[in-house]
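In structure tokens, one chain follows: the form predicted alone.
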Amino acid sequence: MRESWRNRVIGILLFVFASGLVISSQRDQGIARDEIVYMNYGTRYADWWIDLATGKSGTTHKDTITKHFGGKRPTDGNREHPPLMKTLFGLSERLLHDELGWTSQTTGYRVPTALVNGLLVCLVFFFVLGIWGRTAAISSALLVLFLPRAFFHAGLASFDAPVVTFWFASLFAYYRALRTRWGFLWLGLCCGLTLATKHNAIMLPAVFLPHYAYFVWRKQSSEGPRWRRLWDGLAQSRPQVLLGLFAVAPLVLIAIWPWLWFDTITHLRDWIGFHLGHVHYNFEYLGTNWNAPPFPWHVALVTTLFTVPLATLVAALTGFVMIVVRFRRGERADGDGCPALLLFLSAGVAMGPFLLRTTPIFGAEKHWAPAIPSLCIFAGLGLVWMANQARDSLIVAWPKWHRGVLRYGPIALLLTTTIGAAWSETLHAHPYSLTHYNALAGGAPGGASLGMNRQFWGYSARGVLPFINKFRRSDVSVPVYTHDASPAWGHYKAEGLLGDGLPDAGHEKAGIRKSKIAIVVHEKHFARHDILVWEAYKKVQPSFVLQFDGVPIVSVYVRDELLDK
């Protein structure tokens, strides 16, 4: 009982620490372009649910639901994305900013993502705890938190961090459903929440069905005809898990998404069809700007190798090899639920579509983010294995040495080394984590030299706001060509980060001609914007360049007439 309470306290502390760290850190993080869309529609969705809760007449009418959640065009009402997180964004902002005044507006929208990410850290801890022990559980949980790119997404009002949480919650629920009679209901709930978060949840059956088939095969009896043995295996394998996956989960999705309450089949087809034919945006990879397939098959693998801390990668490889060796020896230390296979399938399915060369790659690691927990759990297992090997070697070499040092010293050293490396990289990369690359790539300069994408979504423009504010005039307007930060410009002003008299000048050539200040966010396909500014401003030298580890990420051009004043 004491151990049970101790583990619960550790889980709660991990949740509080992870959530609090992200909430605190995101205050320095610029607003990503897509966040603006999700914030605006989150407010609209929250209004509808509040109207429903307060009994407002006509709330469930088809026209009212369509006004809030849908429309005729593919992107009307942002119906191309499920509503769960957007609704939470809106409700959170209404409570924390509008009603209580505890946070800024942007933070109010972002808090749900941070809390859900804290839940992921907690879930990883409890999943690993029940199979491989406390040391591996704590290691895995902290490694999940201290990934630079994952930490970045955990601080945004977006879906990429939340879908990792609900995806992993579905794995956890499925693993438990194999052992409990009513576990399939939790599985259906978790899968439904994943579907209501982001469309890549439709790939979850590709994780569960192969694992379930293997689980049934393992459970089959050793005597009788083959069909009888397989039937016995199925009967002992909680077949109701399939009911949770294919019946309960869709019902949860429909319940959460009012847009599916009518014309359900048509709206589901439109939703999935939008993503099957998704537009291909520009993205730099190994020196080439890609905006149409066929893409290199190795994008997901190489990007992961270059963005995950090297210490975590080494530990993950060690843990994976250790699991494979144990399996080949016939060791079943992790029970008959085959959790390592489940984790491997999860990572493989999350990354698999990007090996096909036709799947859009413009968001890099955020697209295959559900692979993160598997990677970090294998890393946690690798840490424990290396610590145990070091301990055994020390015992042989110095059998009379202090027992506590021999038992806990190697574990403490390895945890400090690996988690410390991940922690330091995460802190160093913030708030420009998308520009950060690991030691294998040569850091941020190495990533830039290799031609890897430096950023996306225009979020880094926040870093140049203090410089731009210096040119604010009380008596005259100073238009700014805001480039990829244009959607967030009004939010920066509302947050007090941008002074009055610095309006958005407009788009493309007309905006540049009108502007007195111009910013250019550095991505390969944006190079023409530098040229347009050079032509309009009659100069090629920027007045300020925002850099991360010496890598330019945003340039600011100021007209000479403004500099002379």
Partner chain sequence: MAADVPASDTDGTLDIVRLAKGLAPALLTVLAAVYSLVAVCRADSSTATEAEWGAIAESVRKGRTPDELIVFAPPWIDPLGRQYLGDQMTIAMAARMDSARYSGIWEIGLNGERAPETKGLASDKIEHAGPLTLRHYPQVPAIVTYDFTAQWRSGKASGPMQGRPNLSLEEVGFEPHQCIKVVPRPDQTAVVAFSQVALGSKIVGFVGLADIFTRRDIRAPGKLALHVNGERLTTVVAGINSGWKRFEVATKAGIGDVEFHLTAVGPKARDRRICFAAEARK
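Positions refer to the first chain, counted from 1. Since we're looking at a predicted model, the values are computed, not measured.
Separately, the form predicted in complex with the partner chain exists; it is not shown, and the next lines address it.
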Non-hydrogen atom within 4.5 Å of the partner chain in the model of the complex for each of His280, Val314 and Arg329:
yes
With the cut-off set at 4.5 Å between non-hydrogen atoms, does Val545 touch the partner chain in the model of the complex?
yes
Close approach of His153 to the partner chain in the model of the complex, 4.5 Å, heavy atom
no
Test of understanding: in the model of the complex, would Leu195 fall inside 4.5 Å of the partner chain by heavy atoms?
no
His61 versus the partner chain, in the model of the complex: is there a non-hydrogen atom within 4.5 Å?
no
Can you work out which of Ile254, Ala173, Cys122, Met386 has a heavy atom no more than 4.5 Å from the partner chain in the model of the complex?
Met386
So the partner chain isn't shown here. In the model of the complex, which residue out of Gly130, Pro445, Gly352, Pro296 has a non-hydrogen atom within 4.5 Å of it?
Pro445
Partner contact check in the model of the complex: of 533-541, 35-43, 496-504, 50-58, the stretch with a heavy atom within 4.5 Å of the partner chain is 533-541
Looking at the partner chain in the model of the complex, which residues in 435-474 have at least one heavy atom within 4.5 Å of it?
Ala439, Pro445, Ala448, Ser449, Arg454
